[in-house]
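Next up is one chain by itself, shown in structure tokens, the form predicted on its own.
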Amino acid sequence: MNSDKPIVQIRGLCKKFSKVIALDKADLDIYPGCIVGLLGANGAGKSTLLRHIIGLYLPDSGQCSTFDCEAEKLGPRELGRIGYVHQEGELLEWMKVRQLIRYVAAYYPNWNMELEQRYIAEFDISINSRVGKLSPGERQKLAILLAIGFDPELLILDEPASALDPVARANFLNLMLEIIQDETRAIIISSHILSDVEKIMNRTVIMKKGRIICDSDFDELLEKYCRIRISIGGGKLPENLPFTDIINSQQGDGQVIFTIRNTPKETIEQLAEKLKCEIEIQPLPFEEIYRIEVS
């Protein structure tokens, strides 16, 4: 990050729809230079949180500011710095693709024509097609182009790759990595495709029932967990092994397998040496880490 000042600052954010609590005292800072993976099950509050950031929803209580401006006061100056792709993206159906691109580009003096042309070629955008005739994947490609074409400082993507084929998804992820090379920008990606998000995010935010239950540097989150296999060749393992914060374990045939957290590798190796055990330490796949965090 190249700045100590957050682009987005959220404190104690609460939102209710009828009797449903969509956001429950959420706190979050988004800094330049970050690709934030916003994760959680359907109904966890991800889209509600994103819509507060751009002022589509106003808080029942708490605060949400973007570019130092409260959500309800966001104007053209602030909104012109934000690119947004949402799940139910509505586009002008009657226009041709090239007409819609020019229509949107006209609002942005800094529209990046070089990026537009490259994106059209790489993502095989059919510019002469009618928008209303596009497939879901083609519509999503177009929506992403319209959101990134003016080089926004904050790019918000709500399930951006859900309708893309594998090749288009790979190209999209590479594009996100390229965009974030400008460390004055930030990207927030809400997605249920964990395998995609983990390839590019450097920060992980997990939501459950309107609450933020995990807000961590991605590498630190990976290092928090590991799986260890301990065995004694031909011998018998002690009944009480000196490990703490064990999430689950399997024991038998002279070996035990632990999933463990918050224990440095050096500590594990020292304990195994005292027990005169053979030890194998493996990283835990992110999908398993995610399941543990939301359980």
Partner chain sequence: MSILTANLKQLYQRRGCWFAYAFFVFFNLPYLFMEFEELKKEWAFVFLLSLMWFYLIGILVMSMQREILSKPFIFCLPNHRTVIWKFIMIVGVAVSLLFSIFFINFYSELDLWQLLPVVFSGFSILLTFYLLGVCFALPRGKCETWGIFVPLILLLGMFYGIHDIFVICIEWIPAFFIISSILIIVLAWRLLKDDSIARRFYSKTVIGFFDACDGVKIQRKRQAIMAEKGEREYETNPKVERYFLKHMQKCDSFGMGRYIWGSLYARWGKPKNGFSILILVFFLVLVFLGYSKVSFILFLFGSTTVYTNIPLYSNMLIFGGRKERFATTIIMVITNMVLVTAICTILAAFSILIESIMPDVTLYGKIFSFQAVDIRLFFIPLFLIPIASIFNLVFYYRYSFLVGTFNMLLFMTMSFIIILITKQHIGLSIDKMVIYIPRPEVIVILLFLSWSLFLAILKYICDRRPLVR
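Numbering follows the first chain given and starts at 1. As the structure is a prediction and not an experimental result, all values here were calculated from the model.
Omitted from view is the form predicted together with the partner chain, to which the following refers.
Figure note: of the listed segments 91 to 99, 119 to 127, 159 to 167, 211 to 219, the one touching the partner chain in the predicted complex, with heavy atoms no more than 4.5 Å away, is 91 to 99. Contact with the partner chain in the predicted complex, defined as a heavy atom within 4.5 Å, is made by none of F243, E278 and I292. This chain lacks the partner; the member of D182, E223, E153, E72 within 4.5 angstroms of the partner chain in the predicted complex by a non-hydrogen atom is E72. Site annotation in the predicted complex: the residue of Y57, F67, F258, Y31 reaching within 4.5 Å of the partner chain with a heavy atom is Y57.
Proximity of R51 to the partner chain in the predicted complex: non-hydrogen atoms within 4.5 Å are present.
Among heavy atoms of G80, some come within 4.5 Å of the partner chain in the predicted complex. The partner chain is not drawn, but in the predicted complex it has a heavy atom within 4.5 Å of K133.
In the predicted complex, at least one heavy atom of V104 sits within 4.5 Å of a heavy atom of the partner chain.
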